[in-house]
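Here we start with a single chain on its own, the form predicted alone, put down as structure tokens.
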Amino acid sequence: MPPIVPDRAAPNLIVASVVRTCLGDGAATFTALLAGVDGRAPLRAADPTRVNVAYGYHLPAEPVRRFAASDWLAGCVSQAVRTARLDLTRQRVVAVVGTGLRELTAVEEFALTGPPVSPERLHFGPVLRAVLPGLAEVITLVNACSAGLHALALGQDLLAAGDADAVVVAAVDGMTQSMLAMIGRVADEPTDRVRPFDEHRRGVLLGDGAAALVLVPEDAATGSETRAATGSGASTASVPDGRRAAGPVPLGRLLGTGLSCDARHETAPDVAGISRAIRDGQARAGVDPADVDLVVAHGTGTALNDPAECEALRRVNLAAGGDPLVTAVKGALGHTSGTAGLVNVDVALRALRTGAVPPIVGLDVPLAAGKELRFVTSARTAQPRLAQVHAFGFGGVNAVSIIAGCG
């Protein structure tokens, strides 16, 4: 089948995607997801007895320390830029970083006994400029658990406006003591595991994570005379015999991202607000909701989010005649907060490319509200062409991206 390229949107190519989770890098994470691996481990980011949280999803062999998030982010961004073969001396490259907590661990330490924290360390400009001196601009967005996809939307806008030749869209969050204490107070007993969309779900657990992808205009990876001549191409250059240097391999197309901010309640999700974000994403992408093959859901495993997300899918996708596969990753990776949306994008890209769809780890008995949905409970082979990626945050900041494969 030919790739899906809408005529009402300005799709961008994703030419690099790098993630770090408790299960490793992107390839290792996807392999483990397909195998149904649960990445939880006894909590070491805080005293379990004080925060009423027994487990976390820590990065492998990573000690809990100040400014760890900055280091994870810098590593992912550097690798993504190398993979995309960006030339920061010739191209205007902007970095947009989404986060929920920034460097809150360092602030918590300062509040107790630690040294002061410079306000400059609370956004990620200095650390990214240190590893990539040619970056034109670094923007940090703090949009709760939808921050990664909000950054993705801004990245696409920057390209559309001609304000960048390429955009590095990144996200990072690590577990903090205050965040752990907050989730520990909403349950009488510590949550034993994350069970997205399961009838017996008992709440969310947190995970460390970082991610970065690179967006370029549609013609950048295939080579356009205009871009090469003006120096605005992201990856191609003319060579003497008229051939073109090879550009980075496109991983997928970002067709559009829909946003909503309903502000209905601090913590309770709103079905109408989520539905608006889904419809907005589909409209910006120029796709019919019935054509979505795969949903990588937010799936927190909490009492209210899961049924609300199911109802939004029923109202939008199923009502239009769609019947997508639905998967989610927080049962294996924990909730990586502001990073969660970009982790979902990486999973969607790999599923579109390989045809393998990972199961929802922790889902044994689907909740009643999701009885009409096709949850993936064991790894399966499919041929998805269009993926819908969800990320929802406290306060009703919702984001939904539509991703297509490249062939």
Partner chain sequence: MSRIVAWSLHLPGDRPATGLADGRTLAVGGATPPERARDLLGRKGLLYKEPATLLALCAVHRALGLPAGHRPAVEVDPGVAVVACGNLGNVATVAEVTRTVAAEGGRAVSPLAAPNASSNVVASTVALWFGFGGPNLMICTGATAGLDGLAMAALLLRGRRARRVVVVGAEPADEVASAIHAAGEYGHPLRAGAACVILEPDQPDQPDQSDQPDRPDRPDRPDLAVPSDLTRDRRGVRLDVLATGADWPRTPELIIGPDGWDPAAHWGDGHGGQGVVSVALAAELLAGAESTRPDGIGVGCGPVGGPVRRALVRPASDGGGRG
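Predicted model only: the values in this text are computed from it and were never measured. Positions refer to the first chain, counted from 1.
Although not depicted, the form predicted in complex with the partner chain is the subject of the following passage.
Which of A303, V249, A130, V186 has a heavy atom within 4.5 Å of the partner chain in the model of the complex?
-> Filtering the options by heavy-atom distance leaves V186.
Answer option from Q282, N317, T191, N143, heavy atom within 4.5 Å of the partner chain in the model of the complex | Flagged contact: N143.
Okay, which stretch from 73-81, 158-166, 291-299, 210-218 lines the partner chain in the model of the complex, with non-hydrogen atoms inside 4.5 Å?
-> Going by heavy atoms within 4.5 Å, the stretch is 158-166.
Any chance V287 has a heavy atom within 4.5 Å of the partner chain in the model of the complex?
-> No, V287 stays farther than 4.5 Å from the partner chain in the model of the complex.
Is H200 close enough to touch the partner chain in the model of the complex, meaning at least one heavy atom pair within 4.5 Å?
-> Because no heavy atom of H200 falls inside 4.5 Å of the partner chain in the model of the complex, the answer is no.
Is there a heavy atom of S337 lying 4.5 Å or less from a heavy atom of the partner chain in the model of the complex?
-> It does not: once the partner chain is placed as it appears in the model of the complex, S337 has no heavy atom within 4.5 Å of it.
Report whether the minimum heavy atom distance between L88 and the partner chain in the model of the complex is within 4.5 Å.
-> L88 lies outside the contact set for the partner chain.
Those residues of 116-137 which, in the model of the complex, come within 4.5 Å of the partner chain by heavy atom | Those in contact are P116, V117, S118, P119, E120, L122, H123, R129, A136, E137.
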